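What follows is a single chain, given as structure tokens, in the form predicted on its own.
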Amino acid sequence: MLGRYILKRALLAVPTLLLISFSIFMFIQLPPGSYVEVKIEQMKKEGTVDMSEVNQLISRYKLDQPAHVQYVFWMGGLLRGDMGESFVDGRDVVDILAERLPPTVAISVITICLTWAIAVPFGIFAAVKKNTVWDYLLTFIGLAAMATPGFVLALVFQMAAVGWAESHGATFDPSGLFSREYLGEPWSFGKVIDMAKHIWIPVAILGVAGTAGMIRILRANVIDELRKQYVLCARARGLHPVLVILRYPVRVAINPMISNIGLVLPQIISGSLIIEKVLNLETVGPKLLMSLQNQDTYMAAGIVLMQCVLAIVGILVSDVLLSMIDPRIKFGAK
């Protein structure tokens, strides 16, 4: 049953991605102007305008054709695993995504795991200790965390990391995901270890607001479930209070958090742009902003399409987890 459900969702994802990719490609070209005009302006600032290079660029990427013709040309390459080349860098979009997507996904996944590891116990604790000093303290901390801009936290974490390193007689550069000796180098075990030394800063910053919001959601859901009759019956049967909470209210209250996984992955990738700029991270967010500013169509379309794929995969994962946790949810049920 599970395999059939996943196959059905995969087949439904194909037309969905086609429609999304077409919409993305059209929306990116809606702003006035084109990359050719941007390129000509750059050449004018440099002093010479090489029209042969401009004409070669137009011919290569079919920029003199209507938008729907350019989309068909791009989709033909995409079906062969070729997402085209970046107009700005002249490199394959696939190669750029291969460099920037792994650290981006790593930050997102670790942030989600950290958020859950902190939010679930504290959310349950706040619900059980409702209207006590502990509940008010968690509420204050959560609201402060949600109200503080991410880039402010990024600056504070940078200063704290540098100060801690200097106090221990060491040097540490909190910006970026890699040390200088690993910049531009291919992936290796040493590069992964070096990324692990730097990744905790963006993970901690991104997890602050998400953790605070999730604590509030879980607290409200658990409090609502604790008032229901089945919880009172479980307590009347003499079950341990911890078992009563974990076995019944939490399993129901956690459903909205699981169903939100499909939205968290692309949201973390696109919503952390300012933090990534402050920390100078070699991730997808800054590249997306640069490609939109330069009207680099293939690069922007490729990044947004990958975000849509992550959203579809995330929704599928959340549906499967919901069916495993909540026995009331069945595959194929009407």
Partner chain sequence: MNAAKTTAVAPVSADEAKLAYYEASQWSLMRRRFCKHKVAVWAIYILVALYVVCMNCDFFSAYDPNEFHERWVDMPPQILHFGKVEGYRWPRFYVHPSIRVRHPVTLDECYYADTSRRVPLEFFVQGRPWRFLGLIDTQLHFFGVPDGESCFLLGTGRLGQDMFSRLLYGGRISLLVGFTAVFLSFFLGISLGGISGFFGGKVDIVIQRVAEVLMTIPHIPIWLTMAAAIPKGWTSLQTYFVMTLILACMGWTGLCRTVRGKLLSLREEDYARAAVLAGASQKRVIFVHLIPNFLSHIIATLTLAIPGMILSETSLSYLGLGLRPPIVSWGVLLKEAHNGQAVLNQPWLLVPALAVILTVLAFNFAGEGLRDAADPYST
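Positions refer to the first chain, counted from 1. Each form is matched to the other, and the largest set of C-alpha atoms that superpose within 1.5 Å is called the rigid core. Since we're looking at a predicted model, the values are computed, not measured.
The discussion below concerns the form predicted in complex with the partner chain, not included here.
Contact with the partner chain in the predicted bound form, judged by any heavy atom within 4.5 Å, is made by just one of Val72, Val105, Met146, Leu114: Met146. With a 4.5 Å cutoff on heavy atoms, Ser259 does not count as touching the partner chain in the predicted bound form; it lies far away.
Using a 4.5 angstroms limit between non-hydrogen atoms, Val162 touches the partner chain in the predicted bound form. In the predicted bound form, Leu155 approaches the partner chain with a heavy atom inside 4.5 Å.
Contact check for Lys62: every heavy atom lies farther than 4.5 Å from the partner chain in the predicted bound form. For the marked spot (Val278, Cys308 and Ile312), a heavy atom within 4.5 Å of the partner chain in the predicted bound form is present in each of the three residues. With the partner omitted here, the stretch from 50-58, 37-45, 63-71, 283-291 that lies within 4.5 Å of the partner chain by heavy atoms in the predicted bound form is 283-291.
Counting a residue when any of its non-hydrogen atoms is within 4.5 Å of the partner chain in the predicted bound form, there are no hits in 234-250. For Phe122, the Cα coordinates differ by under 2 angstroms between the shown form and the other one after the core has been superposed.
Put the two forms on the same core and the Cα of Ala161 is off by 2 Å or more between the shown form and the other one. Relative to the superposed rigid core, Met290 undergoes a CA displacement smaller than 2 Å between the shown form and the other one.
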